[in-house]
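Just one chain is shown here, as structure tokens, and it is the form predicted alone.
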């Protein structure tokens, strides 16, 4: 039983079929001027338009295909910071961001940019007043995630973005890796300027993602070469991977509302079970979070010990973000949310998806308490 879907999802069989078919039939270089290349280019552009349409954009944005959210975040943040540096060199992000945002902003701070890292509240979100107070005349970029990858906390992107637009001339970037394919996003007419995601979070392929850019925006190129992808991401475009992104996104949104409600009931069942276990604390809240992610800390039990205890029963969960699980001993996100180093050191993430079944949830809930108690007993 797999409960680590926030780290990655298995590729949908229809997505794999699309990828293989396009690789076989549209393998020509889409930038070539001959007929096979033009056929590949036509499918590439069709995939681009479909992704934009599924994200609620008809004409206000353009789509640049990338290798995933990490590359997209780097291109968005560095590209915007450098492009608008003459306006000002002040950047804002939050303490609960993914490393591919937070570390990029910290790297820019070594290039004479000034960085403000906003705190999050006990819900794990940025409070509007805190953001408003941090904005300055020289603020050129605000980068905030939509759904947190560790706690599931959901920032009110529309409200926060409206503040950015009303109180500053800054570019607003949103890391939507955990919300694309799960939430309805209507980009046209909204405050978002840049949006990033990875396809493998919604049953697509690894190594596939996109940066969605407002048409009027210019970005500083970070990857120089042949000038593909509007001059922002040089390299021969992968038509098959682009088509697979569009297919995965369409399939993920088809039954979105039903999946959302069903998974919400699963999360509530897990939370109810946790409330009955002594020494278990929920990190973040149920009310302001994604149904797909739940994070908790277990007093007196090391997270890797609980992970192995559940793995013995073929139940697979995770500790901190998979991107940093091998590097850090505590969750910076949980620390920012709770203020407790102990809870940050003992945090566990359970993440769900459309594939999660009620039987799996019932099994998980039935074994969580006994496994935790047995580990505490062994420690004694």
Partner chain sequence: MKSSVYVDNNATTAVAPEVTEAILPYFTEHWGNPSSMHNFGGSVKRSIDAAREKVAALIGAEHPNEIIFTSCGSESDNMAIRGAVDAIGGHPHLITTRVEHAAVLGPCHYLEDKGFRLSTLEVDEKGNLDLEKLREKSMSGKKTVASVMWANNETGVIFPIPEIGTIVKEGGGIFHTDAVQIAGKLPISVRNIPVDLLSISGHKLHAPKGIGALYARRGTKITPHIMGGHQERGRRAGTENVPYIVGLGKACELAMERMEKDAQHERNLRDRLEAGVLATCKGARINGDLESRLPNTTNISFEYVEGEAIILMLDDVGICASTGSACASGSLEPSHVLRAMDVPRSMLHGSIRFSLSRYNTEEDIDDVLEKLPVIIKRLRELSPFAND
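Just so it is clear, the model here is predicted, and its values are computed rather than measured. Positions refer to the first chain, counted from 1.
One more form of this protein should be noted, the form predicted together with the partner chain, which is absent from this view; the next part is about it.
Here the chain stands by itself, but in the model of the complex one stretch of 103-111, 127-135, 211-219, 152-160, 103-111, has heavy atoms within 4.5 Å of the partner chain. Using a 4.5 Å heavy atom cutoff, none of 121, 339 and 356 lies near the partner chain in the model of the complex. The partner chain is not shown here, but in the model of the complex it comes within 4.5 Å of a heavy atom of residue 74. In the model of the complex, the partner chain lies farther than 4.5 Å from every heavy atom of residue 253. Although the partner is absent here, residue 262 lies well away from the partner chain in the model of the complex, with no heavy atom inside 4.5 Å. Residue 186 falls outside the set of residues with a heavy atom inside 4.5 Å of the partner chain in the model of the complex. The listed set 193, 229, 97, 238 contains one residue whose heavy atoms approach the partner chain in the model of the complex to within 4.5 Å, identified as 238.
Of the residues in 198-221, those that come within 4.5 Å of the partner chain in the model of the complex through at least one heavy atom are, in sequence order, 200, 205, 206, 207, 221.
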